[in-house]
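Heads up, the chain below is alone and in the form predicted alone; it's given as structure tokens.
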Amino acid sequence: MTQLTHLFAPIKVGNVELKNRMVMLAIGTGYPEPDGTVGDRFSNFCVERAKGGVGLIITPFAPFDMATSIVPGLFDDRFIPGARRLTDAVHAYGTKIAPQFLGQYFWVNKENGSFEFIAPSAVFNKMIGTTPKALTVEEIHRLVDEYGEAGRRTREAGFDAIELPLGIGYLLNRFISPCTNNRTDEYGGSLENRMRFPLEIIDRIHRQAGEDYPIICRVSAEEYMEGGHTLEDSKKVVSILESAGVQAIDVEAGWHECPVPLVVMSVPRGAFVYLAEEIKKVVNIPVVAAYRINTPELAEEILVQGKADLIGLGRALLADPEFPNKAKEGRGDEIRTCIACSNCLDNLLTAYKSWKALPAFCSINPRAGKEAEYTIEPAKVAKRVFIVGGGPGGMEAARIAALRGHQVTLYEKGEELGGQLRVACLPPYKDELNCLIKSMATQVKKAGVEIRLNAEVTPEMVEKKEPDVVILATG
């Protein structure tokens, strides 16, 4: 395996030192409690990733009331105790944690208690299928106050930094981008005016949380929207952000509704690293590269070539929380590689159409979001287990049974493990599925499972060998 000396080198973001170069990117999960507080499910999800060895966890929090429990809140002091328990639990593993102040397309108006879609201008929003109302100057000032108060709560709750999302088409991005900001007041027109709102937020956070408190900004370096920012425009944006005291730039691409595929399986690995490379040329603060980076070798190559300073891993850590530890211990072949199926995003993004958000899940990691429910405990009585079928279901059953201490034999009628995945990986752009076969087969072997290929199981054989349990996983 490639030597990962760069990936595991420490680095400072402002005054905060990270133990390695891996950053868990913000993922909306739907795991908070119904009242928006941090409970056991949300905490267990984050702690599992901290145990897995990532250097920094960034996770979304609402800086103002958006009437949703997709992400926890920080818009009231009642959220501080749960957030404090979360940061303490994550810090126990040497991992740093930062909230991403996720300001989306809507809010609960404090003046009248109504739920409203909001934007800099009344420009039709394809994501939510409606034309939002343009915020008044007074409402913008009120939001600046709320972001500042959320910054104070962030520090009181023990977080290490804050990330502001200025990309992907969320509220602050719509102020910065000329394709959605048609204002003629001090918040529209020139780039300086369009950046006024986020810059006021940065200033207020520094006042409330401290000038030394690190702020990271996530920026869509290419918006891929008609009339939106190009890479050259974004170079100007990040330079202004650095001058405002921002300590790192987290580079992303596009908007949710842009016509360019961003994260699906057909997008090549590392396809958007060039954006981070170009942004890095114009700033002197750490830059995060992201999107379709799902192996330690690719992450190391990006760092070695100087294209970025940090590696953003979102779905890769949803699929395998142990990604960093496995990489560090030379067990890269055991990493359950994200296949970019994007099912984890479907439940959340479809909420913008149906307004019935479902919790995120992972197609290849059934424990995601259920870490406390699906624990692997030693069996009270070890049994002889026969598993019939070497597809993904059979391999996973064999792995778990073996880890629990059972004596497991996996029978596969064909010449190789993989089942229908061996066919599914053949069409164009489906080769990530072959990586899943390899990683699952490796884990089965290392778990001590006896594998018998070209072996058909018959009732007579079962009767003769008398296993304690037979699991049919023939599809």
Ligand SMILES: Cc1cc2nc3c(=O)[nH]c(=O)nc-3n(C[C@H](O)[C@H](O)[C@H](O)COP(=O)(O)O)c2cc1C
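Keep in mind the model is a prediction, meaning the values are calculated, not measured. In this text, residue numbers run from 1 along the sequence as written.
Just so it is clear, the following notes concern the form predicted together with the ligand, a form of the same protein that is not shown.
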query = Thinking of the ligand in the predicted bound form, which stretch from 186-194, 307-315, 123-131, 209-217 has heavy atoms inside 4.5 Å of it?
reply = 307-315
note = Residue within 4.5 Å of the ligand in the predicted bound form by heavy atom, from Ala447, Cys425, Ile27, Ile437, is Ile27
task = Heavy atom within 4.5 Å of the ligand in the predicted bound form: which of Leu348, Leu403, Leu303, Ile140 fits that? Just give me the one.
result = Leu348
Interface membership of Trp107, the ligand in the predicted bound form, 4.5 Å heavy atom rule = no
ask   = For Arg155, is any heavy atom within 4.5 Å of the ligand in the predicted bound form, or not?
value = no
Arg204: touches the ligand in the predicted bound form, heavy atom cutoff 4.5 angstroms = no
key: Proximity of Gln100 to the ligand in the predicted bound form, heavy atoms at 4.5 Å   = yes
request  = Verify the flagged residues Arg21, Gly52 and Ala161 against the ligand in the predicted bound form: is each one within 4.5 Å by a non-hydrogen atom?
outcome  = no
ask   = Quick one: which residues from 257-284 get a non-hydrogen atom within 4.5 Å of the ligand in the predicted bound form?
value = Val263
